[in-house]
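Just the one chain here, laid out as structure tokens, in the form predicted alone.
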């Protein structure tokens, strides 16, 4: 009982301890190796407030009054981003009161397939015990995604620090999420459901005034869902579609040809088979490089060099663990893509710059003046399993490298000796 009480209190304490406390007015990270397209540079990085203020050749920065960090011999990168998680929405997967991903609501269409108006960000828990665990592996940002239905609802971008939703949530709604592929009913039914929803959203915008005056027929979908889908149909926010089979990706591209939709494919187990079509439309793909070999009828042709082939064709590639509890393993996935032939910098970009660009957070994902100071200092190559995080900053504040797991490790690593025996 005492151990259980300790664990519960520890989880609460660590969750509440993520506040971005006032730190030094600036930080000078001196002599770090900064990877880039042209190779590594040794630089000094000055952080002022929550932003990167300067990136200068090593020894050239002259900021005074700053906390200095000796980064010689270590690698500095932007914080990693997992673009398809359920962080902050799931705590214990098998404990229903801690799972807030299924956004079905009573006022939606009767089938519950269109859930566009329900926003997952209102349920985000910034005190989740999974967040410090994830940060310890260099992940500083995540996109939390709802589940269920054909249109699941909207996701949101969080930076993984701060005790309040207002501290962590950087943009909401960020993207609308849909799911196609294998299901109980026909695949064609799912395609039609999504197509009709998007068409009705545009029709609603054109006829809204007449509809409000009862001068035009009603719509198949509730007004709130149509209003939520309108920015998607107009191309103002991305539509992320979970789909794996090559033929389903082809159907999605054909169905949306000529529209203003900003498509993103999530999963994409067989995306390599239609890489030229994806490249022509500049459709990014979020994938797990460890999904290969037959894993069902939506991944019969999945192969380990999926990311390599997509990147070579010009498709923007991102990596995700598609998990909440295992988001911390993101860099391991990238390392496996490099093993298959993906350029090292492309793998880093897939976890930093690319998701920031795709989802419209241009001030994230890179180390440059004006960028948000989400930074990670590594003991070596971030894609090597033996590499450790030695320093981590979110919004310019250095965070302790602790979590519930490290606290439990420290508590029980030395067991008391029973001297009565």
Partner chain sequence: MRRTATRVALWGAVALLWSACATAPAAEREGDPGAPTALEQLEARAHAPVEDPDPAVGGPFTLQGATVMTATGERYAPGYVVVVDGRVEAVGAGTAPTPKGPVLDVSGQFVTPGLIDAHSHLGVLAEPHVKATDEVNEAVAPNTAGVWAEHGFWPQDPGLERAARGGVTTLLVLPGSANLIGGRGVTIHLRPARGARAMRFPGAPDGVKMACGENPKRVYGQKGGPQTRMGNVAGHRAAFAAAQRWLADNRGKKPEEVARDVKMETLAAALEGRALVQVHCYRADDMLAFLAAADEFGVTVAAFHHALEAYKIRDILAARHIGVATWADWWGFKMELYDGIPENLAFVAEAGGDAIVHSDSGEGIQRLNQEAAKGLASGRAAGAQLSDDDALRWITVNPARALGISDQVGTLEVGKRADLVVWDRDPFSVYARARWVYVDGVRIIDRDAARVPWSDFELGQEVER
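Residue numbers count along the first chain shown, from 1. These numbers were taken from a predicted model, which means no experiment stands behind them.
This protein has a second form, the form predicted in complex with the partner chain, left out of what is shown; the following refers to that one.
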Consider residue 166 of the chain shown here, and say whether it contacts the partner chain in the predicted complex, taking contact as heavy atoms within 4.5 Å.
no
_Even though the partner isn't displayed, in the predicted complex is residue 376 close enough to the partner chain, meaning a heavy atom within 4.5 Å?_
no
Discussion item. Is residue 60 part of the interface with the partner chain in the predicted complex - any heavy atom within 4.5 Å?
Written reply: no
In the predicted complex, does residue 95 have a heavy atom within 4.5 Å of the partner chain? yes
Could you tell me if all three of 100, 119 and 358 have a heavy atom no more than 4.5 Å from the partner chain in the predicted complex?
no
Interface check vs the partner chain in the predicted complex: of 37, 70, 67, 384, the one with a heavy atom inside 4.5 Å is 384
Only hit among 223, 171, 234, 339 for heavy atom within 4.5 Å of the partner chain in the predicted complex is 339
Exactly one listed stretch (26-34, 363-371, 376-384, 390-398) reaches within 4.5 angstroms of the partner chain in the predicted complex by non-hydrogen atoms, and it is 376-384
Contact check, 382-415 vs the partner chain in the predicted complex, heavy atom within 4.5 Å, ordered by sequence, gives 383, 384, 385, 386, 388, 404, 405, 408, 409, 412, 413, 414, 415
